[in-house]
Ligand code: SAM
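Consider the single chain below, provided in structure tokens and representing the form predicted on its own.
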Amino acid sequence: MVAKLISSPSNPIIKDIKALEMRKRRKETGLFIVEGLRSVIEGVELGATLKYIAFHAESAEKPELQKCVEYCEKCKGLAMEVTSEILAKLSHKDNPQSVIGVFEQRLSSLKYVDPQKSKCWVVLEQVRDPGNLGTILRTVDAIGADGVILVEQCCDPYSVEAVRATMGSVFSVAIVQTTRDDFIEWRKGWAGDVIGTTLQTSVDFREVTPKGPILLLMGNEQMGLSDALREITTTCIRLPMNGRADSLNLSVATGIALYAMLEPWKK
């Protein structure tokens, strides 16, 4: 195992990795930060391109880390043994991780989505909270849905906050980006149900048995689905509020709706 020793937080490579906290820099480079050995291993096992791996000397002898370092070398990336100070600089957590990875992003277009081979895609319109987005990606992974389609200006799925919330699922879930107009045009070729979550002219989600493949449309945290997307649904559902709360967190609502819509069809 060959690794470059870096002890200065002002090293240019460390500065470049730190800069990936900014969305502009992530967009320019096509790279993103992953914190923790477990999540880095997930990326390695799923074949994501690993450009940098930084680790503390205390982790150097772990077989899992050695595997990641060897993989980084195969990707023509750079493995670095760094100090606790550098790891603290690169990590957003109070207790910094002992391993930080930098991977290439895997964003796709609608051309990637094959309706004939799909069972369920979650469509998110203008989602703003990276924690919600990351949790939805993890839920999509858990149930075995196909992926997530981001419509219009959503938060960055490769931000540190979103990636952390995925718990490694960022590597196993397909992520597609598109505009509202392009999505509406593309939807015309979708043979299954298109289900939106709204309060307007909707039915109780427990009364719906969808026809697959499914598109599950979820709207912005504050405004919900736009009129334009609501108009292209085959069915609109709602989750009844039986207590004093008048709404659910977006990721919670998506999880409930996703399991309710997908499970009957899978049977």
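As the structure is a prediction and not an experimental result, all values here were calculated from the model. Quick note: we count residues from 1 along the sequence shown, nothing fancier.
The discussion below concerns the form predicted together with this ligand, not included here.
Exercise for the section: Answer yes if any heavy atom of residue 221 is within 4.5 Å of a heavy atom of this ligand in the model of the complex; otherwise answer no. Expected result: Residue 221 belongs to the contact set for this ligand.
Practice task
Examine residue 66 and determine whether its closest non-hydrogen atom to this ligand in the model of the complex is within 4.5 angstroms.
Solution key: Residue-level check for residue 66: no, no contact with this ligand.
Problem - 4.5 Å heavy atom contact, residue 200 and this ligand in the model of the complex - result: Because a heavy atom of residue 200 falls inside 4.5 Å of this ligand in the model of the complex, the answer is yes.
Problem - Proximity of residue 253 to this ligand in the model of the complex, heavy atoms at 4.5 Å - result: Answer yes; at least one heavy atom of residue 253 falls within 4.5 Å of this ligand in the model of the complex.
Handout entry: this ligand: the contacting residue among 57, 241, 46, 228 in the model of the complex [heavy atom, 4.5 Å]
Key = Of the listed residues, the single hit is 241.
Problem - in the model of the complex, the residue from 41, 237, 232, 31 that sits within 4.5 Å of this ligand by heavy atoms - result: Partner contact (heavy atom, 4.5 Å) among the options: 237.
Practice task
Please determine, with the chain shown alone, which of 72-80, 192-200, 167-175, 113-121 has non-hydrogen atoms within 4.5 Å of this ligand in the model of the complex.
Solution key: Stretch with heavy atoms near the partner: 192-200.
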